[in-house]
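One chain follows as structure tokens, the form predicted on its own.
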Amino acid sequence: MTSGAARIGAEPRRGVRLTILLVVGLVFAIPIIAMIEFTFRAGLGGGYTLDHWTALLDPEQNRKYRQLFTAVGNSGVLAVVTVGIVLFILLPTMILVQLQFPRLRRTLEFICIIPITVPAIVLVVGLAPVYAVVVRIFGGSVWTLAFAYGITVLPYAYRAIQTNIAAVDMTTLSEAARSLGASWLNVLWRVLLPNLRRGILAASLISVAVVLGEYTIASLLNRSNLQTALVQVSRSDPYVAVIFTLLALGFVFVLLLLIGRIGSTRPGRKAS
């Protein structure tokens, strides 16, 4: 009984871990490899070619893909503004609630989780009258779509930051810094944010991934982003649509590696 109880909390063997890692890796790798192979196909006649990739750098094809490149820029702007909403509105609110208003923690959590229970199309129906006012005030620029995206990413960003907050004794750290004469701004910048860096980076990555993959809201609000442009381009050139999808996946993967690298570095130490 003792050995059986001891085995319950034991880690799986190396072979089991490798098998699980291999299976999960294949689940992700097979579709990506198939997409890469598809981009090199020379049409229905068989064979492979680099023409689909080189066409993106051909000045003569610039007009054909101009809309797609513009949409990539739009998605980049939306990602930056959405991350800004998370960092400058959600993060300070969570820190304030954690330090000064702990009784409102459940209320804030409930408010932030609500968007995940609402389908995107229902959310757009509710936002349509709001965006009529937004257009009158800020114009019809694509960056205004970040207001809707800020609501969409709330559940994911909140959970990523809250997990980090729960692992840090923010009250003790802030009180200790204040007792040493630090201002609230110094407490936030030099004490709290470095300890919340991993959650902040995770929330930023999730926000970028959601913005790059969102289609429904942009389509129904008549805005052009990466996904809406890919749908339109895929009707005439599916190869280029798959290429840009791969590039977006690659960008998010590199961003994930960078964030993981930065998040694993201790404050005050340089990554080696």
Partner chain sequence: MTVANAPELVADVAGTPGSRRRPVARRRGLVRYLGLAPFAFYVLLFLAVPTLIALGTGFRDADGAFTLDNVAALADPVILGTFASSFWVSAFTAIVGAVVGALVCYAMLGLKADGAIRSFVDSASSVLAQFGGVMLAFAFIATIGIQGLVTIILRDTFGLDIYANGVWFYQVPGLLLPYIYFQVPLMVIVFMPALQGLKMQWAEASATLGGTPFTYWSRIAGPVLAPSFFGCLLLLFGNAFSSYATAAALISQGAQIVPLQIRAALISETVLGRSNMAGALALGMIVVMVVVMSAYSLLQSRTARWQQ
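This one's a predicted model, so the numbers in the text were calculated from it and none came from an experiment. Residue numbers count along the first chain shown, from 1. The term rigid core refers to the most C-alpha atoms you can superpose between the two forms while keeping them within 1.5 Å.
Quick note: we don't show the form predicted in complex with the partner chain, though the next part is all about it.
- Taken together, the three residues 72, 188 and 262 lack any non-hydrogen atom within 4.5 angstroms of the partner chain in the predicted complex.
- Listed stretches are 72-80, 160-168, 191-199, 95-103; the contact stretch with the partner chain in the predicted complex is 95-103, by a heavy atom cutoff of 4.5 Å.
- By the criterion of a heavy atom within 4.5 Å, residue 66 is excluded from the residues contacting the partner chain in the predicted complex.
- Residue 220 belongs to the set of residues with a heavy atom inside 4.5 Å of the partner chain in the predicted complex.
- Interface membership of residue 205, defined by any non-hydrogen atom within 4.5 Å of the partner chain in the predicted complex, is ruled out.
- Contact between residue 126 and the partner chain in the predicted complex is found at the 4.5 Å heavy atom cutoff.
- Along 152-180, a non-hydrogen atom within 4.5 Å of the partner chain in the predicted complex is carried by 154, 156, 171, 175, 178, 179, in order along the sequence.
- In this overlay on the rigid core, residue 38 has a C-alpha that sits 2 Å or more away from its partner position between the shown form and the other one.
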